[in-house]
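Given next, in structure tokens, is a single chain: the form predicted on its own.
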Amino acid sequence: MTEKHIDEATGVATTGHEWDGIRELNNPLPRWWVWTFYATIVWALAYTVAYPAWPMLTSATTGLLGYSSRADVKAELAAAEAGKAQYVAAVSTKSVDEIIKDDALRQFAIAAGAAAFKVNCVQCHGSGAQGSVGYPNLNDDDWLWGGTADQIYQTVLHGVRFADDADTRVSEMPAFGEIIDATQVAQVSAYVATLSGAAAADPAMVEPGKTVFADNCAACHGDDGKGNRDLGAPNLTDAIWLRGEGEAAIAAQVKAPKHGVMPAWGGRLGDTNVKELAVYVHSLGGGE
């Protein structure tokens, strides 16, 4: 019988294996650890028998307990739908103003509207409803068509310049590059820039620009430039610019205005979801 080799440094017997002069110490695992490991194997096998686990050609074993995570999720979703059914029914029968006056309904509508906004509106208005060039910021108090809950509802319901909806919001600014000359465009742009407190690049252009504005623009934007919500004409005095600020951006819009289009969400989402969206947008801080 070969005598066991004892490691001199540790006093532990080696396994008899040796690689390039290096010997392996015979340090077996603690018995409690080994038995715990065996227990986990038994537990794993029992689990796969009790619950769905083993894949087959077209399905999987169902398990002795018949558990299904999909069935659980389906039941939870059904319970959630049942729980909100009364609120959905109430929203469908009330006006947006009535919804806002009811604390429970308002909170429900804001939550539902926020979800609908993330799916349908963030592509244009941004995840925080902050907008971008050509897409309105819904957090401020600057509204082309009005910022009351009912006005927001009408805008969302029928859209803006949406050809398939007869009641859509419509406003068309003429291409003044075809009506007035380049000098007049520069003059009126200089004047409009000053309405919001900016300084004109050439102060001499402001006074003649005021005359051009009175002759061509005041009919929609008002003599004071504060706009007209019945026409969707923006307020030019508040330094909030949809298409960019500065005389160059103003001149570009005067010469060849860009007209955005917003879908009529009533046909796509239904009246109840539109009300929820309107309440949510109204709650962002800019609603009147």
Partner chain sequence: MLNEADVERLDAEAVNSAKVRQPLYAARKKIFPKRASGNFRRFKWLVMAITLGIYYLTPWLRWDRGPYAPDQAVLVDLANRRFYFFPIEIWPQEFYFVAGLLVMAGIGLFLITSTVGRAWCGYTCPQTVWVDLFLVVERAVEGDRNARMKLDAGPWTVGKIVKRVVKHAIWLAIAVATGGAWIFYFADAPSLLQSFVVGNAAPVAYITVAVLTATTYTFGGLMREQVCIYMCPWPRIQAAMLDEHSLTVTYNDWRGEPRSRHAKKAAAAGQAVGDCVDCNACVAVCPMGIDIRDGQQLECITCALCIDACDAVMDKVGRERGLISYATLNDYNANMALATGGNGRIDPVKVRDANGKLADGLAHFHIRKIFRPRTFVYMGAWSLAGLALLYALLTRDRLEVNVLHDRNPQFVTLSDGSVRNGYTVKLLNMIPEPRTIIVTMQGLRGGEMTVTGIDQPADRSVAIQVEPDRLKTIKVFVRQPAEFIDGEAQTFKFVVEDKASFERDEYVATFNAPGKSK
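Numbering follows the first chain given and starts at 1. This one's a predicted model, so the numbers in the text were calculated from it and none came from an experiment.
One more form of this protein should be noted, the form predicted together with its partner chain, which is absent from this view; the next part is about it.
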item	value
Listed residue that, although its partner chain is not shown, lies within 4.5 Å of it in the predicted bound form (heavy atoms), from 139, 216, 148, 120	139
Of 54, 67, 43, 32, the one that lies within 4.5 Å of its partner chain in the predicted bound form (heavy atoms)	32
Which of 251-259, 235-243, 219-227, 55-63 sits within 4.5 Å of its partner chain in the predicted bound form, heavy atom basis	235-243
Its partner chain contact in the predicted bound form: residue 203, any heavy atom under 4.5 Å	no
Residue 10, heavy atom within 4.5 angstroms of its partner chain in the predicted bound form	yes
Partner contact for residue 211 in the predicted bound form: its partner chain, 4.5 angstroms, heavy atom	no
Heavy atom of residue 130 within 4.5 Å of its partner chain in the predicted bound form	yes
Stretch 272-288 - residues with a heavy atom within 4.5 Å of its partner chain in the predicted bound form	283, 284, 285, 286
